[in-house]
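There is one chain below, alone, in structure tokens, taken in the form predicted on its own.
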Amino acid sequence: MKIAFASSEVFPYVKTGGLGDVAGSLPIELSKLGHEVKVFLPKYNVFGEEEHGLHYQWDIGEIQIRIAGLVRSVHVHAATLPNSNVHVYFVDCPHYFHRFRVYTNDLDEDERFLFYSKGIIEILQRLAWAPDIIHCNDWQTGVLPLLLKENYGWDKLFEKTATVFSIHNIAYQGIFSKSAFEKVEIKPEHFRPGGIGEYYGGVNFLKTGILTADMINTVSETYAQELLTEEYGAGMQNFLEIRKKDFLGILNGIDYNLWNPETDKFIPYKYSANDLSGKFKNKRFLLEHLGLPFNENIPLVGIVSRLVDQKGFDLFSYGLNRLMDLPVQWVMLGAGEYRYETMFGELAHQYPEKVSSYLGFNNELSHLIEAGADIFVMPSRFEPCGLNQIYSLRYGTVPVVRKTGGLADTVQDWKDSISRSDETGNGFSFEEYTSESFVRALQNAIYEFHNKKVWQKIQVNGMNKDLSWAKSAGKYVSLYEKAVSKMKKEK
């Protein structure tokens, strides 16, 4: 199968969240299954050409693309995803993508990603490469299926090409004025009231993807069910209900080449489920690195996160006094809203032997926290999939999470498993979105931490759970096959 993978971020070139990890890993796993995959990414100026081995595609040359009545040039660069044979094609237009930021609040934000979407189609034409699937990701590529079917429907190259649209976080929808569709010459009927892209007088790129792609998915089974409800659907629940038979959840995986305590280059002591002694040493190393006192009987609680309400930091704020009274130490790595950055900065100052706070991004430290912490907390309001709880499971760091989205699909509560008498639990969870429930779940984890036999059982359960991309990639192949079959039937 030939698969064109369109994503506005791809690790290791650019990453602002989980989408970058998915786009940097899933294509490689698909390639390992024998499929031909090409990835398409804007050429931002937030990464260097030489460090990633980009080279100019002379065989494609300059492409002229019209948008908003103006013709702009596209040049194409290419590279290969590390440790793979997956080619990445970079859509290079300095006017739109050389802004030192991936996403902006600029007035032409709609144009930037409409231009990118047209660029993908035009590059495929120059390559004369007919994909079986174009896999679109999030609102930035939400209009691509419509463009392919209508604006480029004349091109026989794409007559057998189906589209899949993945929703990684429904909170981000790409809402613009109706002029966005006019800029790429989409039929007026699609942005008039009741049209495919129309949304409260403007246009919505996410809605467009939902209603025009052959198949739709999101990044966990529970999140897929949640998106059909008013509470979690963010205004899209009715449109997803219309497409319900074409909509499913596939849990994200992680790259075990990057996240594996047996081989992780960022941690000083390697370890495995059969020998956890290295984890104890990593904890000591991490605490010394952070300037916190080491005590083997005090659990270390880790946080690696965006500091925003979605991640549950309002619960943290409301329960702050009770959380600080718990017999634990804290290490936090992240950035986000000013109030939460300030909160953690003040906590580190107020509790210098109990709290360490690192504001910003630090890849090495994120690996050290996963390897050295005893407990990892993710009390999210909603969580499409979540990756850090999966990293934590792999590293024997017991997660405490809210039972929502991908957190519910990956973390099984230890107490619930005890009540079932199967002892398969790998963490602790809570359902009610309150600080009291969060504190109670964390207290349950702290209590079991002091029962070393039980604690090791919980750790090993998590470390032995297969949450690799190899498992999820096969489900994506099935999704692609359904999309192709559906498209053929409709024609």
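Start at 1 and count along the sequence shown; that's the residue number. None of these values were measured; they are calculated from a predicted model.
The next section is about a form of this same protein that is not shown, the form predicted together with adenosine-5'-diphosphate.
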| query | finding |
| --- | --- |
| Partner contact for residue 475 in the predicted complex: adenosine-5'-diphosphate, 4.5 angstroms, heavy atom | no |
| Partner proximity in the predicted complex: residue 306 to adenosine-5'-diphosphate, non-hydrogen atom cutoff 4.5 Å | yes |
| Interface membership of residue 311, adenosine-5'-diphosphate in the predicted complex, 4.5 Å heavy atom rule | yes |
| Distance check, residue 362 to adenosine-5'-diphosphate in the predicted complex, heavy atom within 4.5 Å | yes |
| Answer option from 276, 347, 236, 335, heavy atom within 4.5 Å of adenosine-5'-diphosphate in the predicted complex | 335 |
| Sole residue of 366, 125, 151, 417 within 4.5 Å of adenosine-5'-diphosphate in the predicted complex, by heavy atom | 366 |
| One stretch from 179 to 187, 226 to 234, 378 to 386, 103 to 111 that, in the predicted complex, holds residues within 4.5 Å of adenosine-5'-diphosphate by heavy atom | 378 to 386 |
